[in-house]
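In the form predicted on its own, a lone chain appears below as structure tokens.
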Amino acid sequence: MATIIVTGATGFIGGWLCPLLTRQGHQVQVLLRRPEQLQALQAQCASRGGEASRLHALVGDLSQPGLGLASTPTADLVYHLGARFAWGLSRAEAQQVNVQGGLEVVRLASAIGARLVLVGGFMLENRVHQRQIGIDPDHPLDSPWARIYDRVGAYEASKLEAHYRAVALANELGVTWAAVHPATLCGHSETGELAAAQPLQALITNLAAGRLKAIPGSAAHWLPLVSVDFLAALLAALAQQPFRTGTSLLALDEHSPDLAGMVAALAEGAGCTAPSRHVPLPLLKVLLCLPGAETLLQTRRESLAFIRSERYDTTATRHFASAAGLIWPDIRQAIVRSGRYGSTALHRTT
């Protein structure tokens, strides 16, 4: 069994990955700014079928040089899930954790001779979008990053920049790396459990409050999804076998419905009525530029970039999942259950 370091263990993905890794028999060190969080993580791990005694704290901070580590740990594998997520971040805020922190993780993996799994996002597989915003996917480090941050917002720009810079450094240092690019997360496929900070929860909140009067985009648009438990299982499978440098898995359920179908499934679970009309994305973007519109509609312009009409090739992921014995859950049922869980969570907090 391996010794594994996980950044971002307190996040939504990490909260499901760590129980799987400990159940496989691995010793898992979770990078924590506040080590007192370990007890809650161990309790969560046990409640999700993991072995809490195999979960340990590694005191550090993605925003600090050298990750703020007091000494060099030992590990065979590093999962880098940690990121600063919020709409409206400044470029400096996003780069400090998402870009510079990612580079520090690569340096750590190199120093200890560990394999590295980078978790990015599905927009890294969308070359059409990247070219539209000014990135040449074949020479990404030469991109006009300042303009890209202004155009798409600091969160998404920093995730793109972080991946490309981390890969370049890993290749330079000879680190064996793989990348997993998740679609937008829906809740657990069986329980619908969804973290409050997830974008899908914001959509459920708007649905339940009656603020979603129209569906963004057209009938051709969708928000690609993956259930958090399937993503965690896909990530955990990488710990069970060797992988070649440059392995890239797009964690995206190709059966995700179009946006209207997704909204209808969420509304079904939440017990409310879904809108049927569409509003063109360019018009919605203009409306959200009006003073106070983002607050009134509880929608950020940055979030609209993830609503796409392009389709994606998931062949490599399907083959990997099949070889690992993973079964894709019914994504529509996962969406319905997410809507139910999300609306119930709203009632608990009001």
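Since we're looking at a predicted model, the values are computed, not measured. Note that residue numbering follows the sequence shown and begins at 1.
Same protein, other form: the form predicted together with a small molecule, not shown, and the subject of what follows.
- Ser63 is the sole member of Ser63, Thr314, Ser303, Gln27 with a non-hydrogen atom lying within 4.5 angstroms of the small molecule in the predicted bound form.
- The partner is absent here; in the predicted bound form, the one residue of Phe230, Trp222, Trp177, Tyr155 having a heavy atom within 4.5 Å of the small molecule is Tyr155.
- In summary, the region of this chain contacting the small molecule in the predicted bound form, judged by heavy atoms within 4.5 Å and restricted to 137-145, 274-282, 183-191, 68-76, corresponds to 183-191.
- Residue contact check for Gly121: one or more of its heavy atoms lie within 4.5 Å of the small molecule in the predicted bound form.
- Among heavy atoms of Leu81, some come within 4.5 Å of the small molecule in the predicted bound form.
- Contact annotation for Phe85: at least one heavy atom lies within 4.5 Å of the small molecule in the predicted bound form.
- Using a 4.5 Å cutoff between non-hydrogen atoms, Gln37 counts as a contact of the small molecule in the predicted bound form.
- Annotation: in the predicted bound form, residues Ala114, Ala170 and Gln240 none come within 4.5 Å of the small molecule through any heavy atom.
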